[in-house]
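Encoded as structure tokens, the following chain is the form predicted on its own, with no partner shown.
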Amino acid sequence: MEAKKEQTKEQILADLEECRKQADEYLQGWQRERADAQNVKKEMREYAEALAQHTRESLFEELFSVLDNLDRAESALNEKEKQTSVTQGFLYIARQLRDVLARHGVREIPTEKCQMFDPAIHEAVQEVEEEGMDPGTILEVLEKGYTREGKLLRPAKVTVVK
């Protein structure tokens, strides 16, 4: 009977060791799954942020076209026309739109006539010969360029001296 007890005790110890191994295996599996779940959450946050960023930039691009047209309309007005209440309303809307973009971190690239062309922030859409001006000098700004948080959203479109 004593041998039977020992065998039972040995069997119990073996079963206990097997249970410990299984518990360790389950714990390691759970830890791997938890790490995987955290990685998936992180990837989903990053994906959502990238999608939101892309959506914002797409919206900004469309708003830039509206601003371009408002700028063209304003430049076509004479001083008397600029003083009418309707025109003042449209000019206010353009200012308001620029303010909205500024609150979202969008900055206009300062580009002026006689400035040197910089391919990092300008896009030459036309080259012309101009007496008395250095090659690579900006002759005219056709469309303003914009950045956001140091990222180029749209280069300024310019005419450059050959």
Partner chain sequence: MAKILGIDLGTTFSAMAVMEGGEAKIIENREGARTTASVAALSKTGEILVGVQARRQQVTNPKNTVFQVKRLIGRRFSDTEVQQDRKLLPYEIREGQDGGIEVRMGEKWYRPAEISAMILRKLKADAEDKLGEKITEAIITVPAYFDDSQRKATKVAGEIAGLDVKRVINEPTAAALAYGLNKKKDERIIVYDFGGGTFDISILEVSEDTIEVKATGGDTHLGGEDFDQKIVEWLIAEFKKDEGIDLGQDPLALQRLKEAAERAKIELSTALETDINLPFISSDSAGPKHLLYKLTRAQLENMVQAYIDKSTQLLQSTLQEAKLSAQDIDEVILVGGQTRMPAIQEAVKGLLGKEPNKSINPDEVVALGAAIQGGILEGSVRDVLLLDVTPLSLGIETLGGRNTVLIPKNTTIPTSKSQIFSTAADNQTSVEVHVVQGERPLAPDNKSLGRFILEGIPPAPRGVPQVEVVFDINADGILNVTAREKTSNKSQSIRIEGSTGISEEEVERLRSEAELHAEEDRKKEELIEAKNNAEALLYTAEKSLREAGEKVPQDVKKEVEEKISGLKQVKDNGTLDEVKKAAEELSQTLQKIGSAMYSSSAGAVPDTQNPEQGPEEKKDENEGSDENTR
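All values derive from a computational prediction rather than experimental measurement. Residue numbers count along the first chain shown, from 1. By rigid core we mean the largest C-alpha set that fits within 1.5 Å across both forms.
A second form of this protein, the form predicted in complex with its partner chain, is not displayed here; the remarks below concern that form.
Asker: Taking its partner chain in the predicted complex, would Asn69, Glu143 and Lys157 all count as contacting it (heavy atom within 4.5 Å)?
Answerer: Yes, each of Asn69, Glu143 and Lys157 comes within 4.5 Å of its partner chain in the predicted complex.
Asker: Just one of Glu112, Asp99, Glu33, Glu49 has a heavy atom within 4.5 angstroms of its partner chain in the predicted complex, so which one?
Answerer: So the residue touching its partner chain in the predicted complex, by this definition, is Glu33.
Asker: Counting any non-hydrogen atom inside 4.5 Å, which residue from Ala124, Leu63, Ala94, Met133 sits next to its partner chain in the predicted complex?
Answerer: It is Ala124 that has a heavy atom within 4.5 Å of the partner.
Asker: Whether Gly105 contacts its partner chain in the predicted complex should be assessed with a 4.5 Å heavy atom distance threshold; does it?
Answerer: Outside the cut-off, so no.
Asker: Would Cys19 count as a contact of its partner chain in the predicted complex, using a 4.5 angstroms cut-off between non-hydrogen atoms?
Answerer: Close contact is absent here: in the predicted complex, Cys19 is far from its partner chain, nothing within 4.5 Å, heavy atoms only.
Asker: Decide whether Lys9 counts as a contact residue for its partner chain in the predicted complex under a heavy atom distance cut-off of 4.5 Å.
Answerer: Although its partner chain is absent here, Lys9 would stay clear of it in the predicted complex, with no heavy atoms inside 4.5 Å.
Asker: Is there a heavy atom of Val86 lying 4.5 Å or less from a heavy atom of its partner chain in the predicted complex?
Answerer: Close contact is absent here: in the predicted complex, Val86 is far from its partner chain, nothing within 4.5 Å, heavy atoms only.
Asker: Can you list, in sequence order, the residues from 104 to 122 that come within 4.5 Å of its partner chain in the predicted complex, counting heavy atoms only?
Answerer: The stretch touches the partner through Phe117, Pro119, Ala120, Ile121, His122.
Asker: After a rigid core superposition, would you say the CA of Lys42 moves by 2 angstroms or more between the shown form and the other one, or not?
Answerer: Yes, Lys42 moves 2 Å or more.
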